[in-house]
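Consider the single chain below, provided in structure tokens and representing the form predicted alone.
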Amino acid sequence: MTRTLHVAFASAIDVLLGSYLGTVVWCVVVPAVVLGPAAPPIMMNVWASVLGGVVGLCFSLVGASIGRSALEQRWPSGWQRNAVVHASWLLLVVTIAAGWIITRIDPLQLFSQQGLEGASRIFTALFTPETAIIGQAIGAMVETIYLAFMATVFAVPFSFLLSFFSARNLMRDTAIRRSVYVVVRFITNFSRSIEPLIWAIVFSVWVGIGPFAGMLALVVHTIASLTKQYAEQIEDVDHGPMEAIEATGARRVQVIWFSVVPQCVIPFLSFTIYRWDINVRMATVIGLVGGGGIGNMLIQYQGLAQWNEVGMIVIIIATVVWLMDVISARVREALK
């Protein structure tokens, strides 16, 4: 990055942070503290954003740049350092205050009589589970485990292949490789940004409600997540073996297969086992929207307010998740 682009990028960060600060203070904090239920006029919101951006630009021009401090990973000296530190704390405090206001946090609601009575009824039922459904629940849990397992199995080959196209150290030599890297990264980041719950809804409409839809949802999300983890591991490999094999005149594929893959096999296995553990938990959740497994049972009994049955299902889920966590941890330790 040239010096001019570096300064421009840092200034853009400062303008955005200033605009964010002005907007949040005027649109969130001020109405909650001063205006009450009344909202400020729209044009005033725009002016608050613009004014904040101007202030951020002024800070950048005089050397008190948060953006530059972040990019260079060092603080400025003199009064500029104090200005950056105080501005950073102000951003943090305002963000926390805005989060408190937007999420309507009210700790007193935890101790209201009506709330305590309702929570007491539910917890009493949850801890007196209905054992009559244990056979059905175990069968649904087995379906959930296999759903997660098959999703992991189908996702691993795609993730393995895509990870080499997502590793910056392998794809920076030519313009074509860099373009492929950007495209693959964009697709996997986009896929990972959409929660499995949303994918389950899409596939439930596409292929019908059931475990197949849930498996497909987990496959998409698992491919995106494992590709990122695999690629990051590839980017951390020792380049010595690569250079040694390249010196022999080996082709690109041979270099990767004989120098990169051997260094990544064990971490890849560890990531895959851990991902299966995660998929078991996710499979429970996506069942709530028709993805199959024990999640379907859970949403049915919860919708009927049959909390004793819900308690039985929760106990089975917690037990299986705990066992999976223990087993996967032991296997990952053995692989190290």
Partner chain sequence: MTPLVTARDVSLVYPNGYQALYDVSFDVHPGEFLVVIGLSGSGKSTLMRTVNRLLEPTSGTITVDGVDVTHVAGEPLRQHRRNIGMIFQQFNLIKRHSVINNVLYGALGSMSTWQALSGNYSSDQRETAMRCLEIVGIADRAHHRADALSGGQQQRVAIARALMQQPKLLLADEPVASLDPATSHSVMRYLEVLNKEYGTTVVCNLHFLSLVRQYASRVIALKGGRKVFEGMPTDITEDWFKAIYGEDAVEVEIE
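This one's a predicted model, so the numbers in the text were calculated from it and none came from an experiment. Residue numbers count along the first chain shown, from 1.
Separately, the form predicted in complex with the partner chain exists; it is not shown, and the next lines address it.
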Heavy atom within 4.5 Å of the partner chain in the predicted bound form: which of 251, 104, 86, 74 fits that? Just give me the one.
251
Which residue, 195, 143, 246, 232, has a heavy atom that falls within 4.5 Å of the partner chain in the predicted bound form?
246
My question is simply whether residue 262 lines the interface with the partner chain in the predicted bound form - judged by any non-hydrogen atom within 4.5 Å.
yes
Against the partner chain in the predicted bound form, would residue 181 count as a contact residue? Criterion: heavy atoms within 4.5 Å.
no
Does any part of residue 160 reach within 4.5 Å of the partner chain in the predicted bound form? Heavy atoms only, please.
no
Does the partner chain come within 4.5 Å of any heavy atom of residue 258 in the predicted bound form?
yes
Where, among 238 to 246, 150 to 158, 75 to 83, 90 to 98, do residues come within 4.5 Å of the partner chain in the predicted bound form by heavy atom distance?
238 to 246
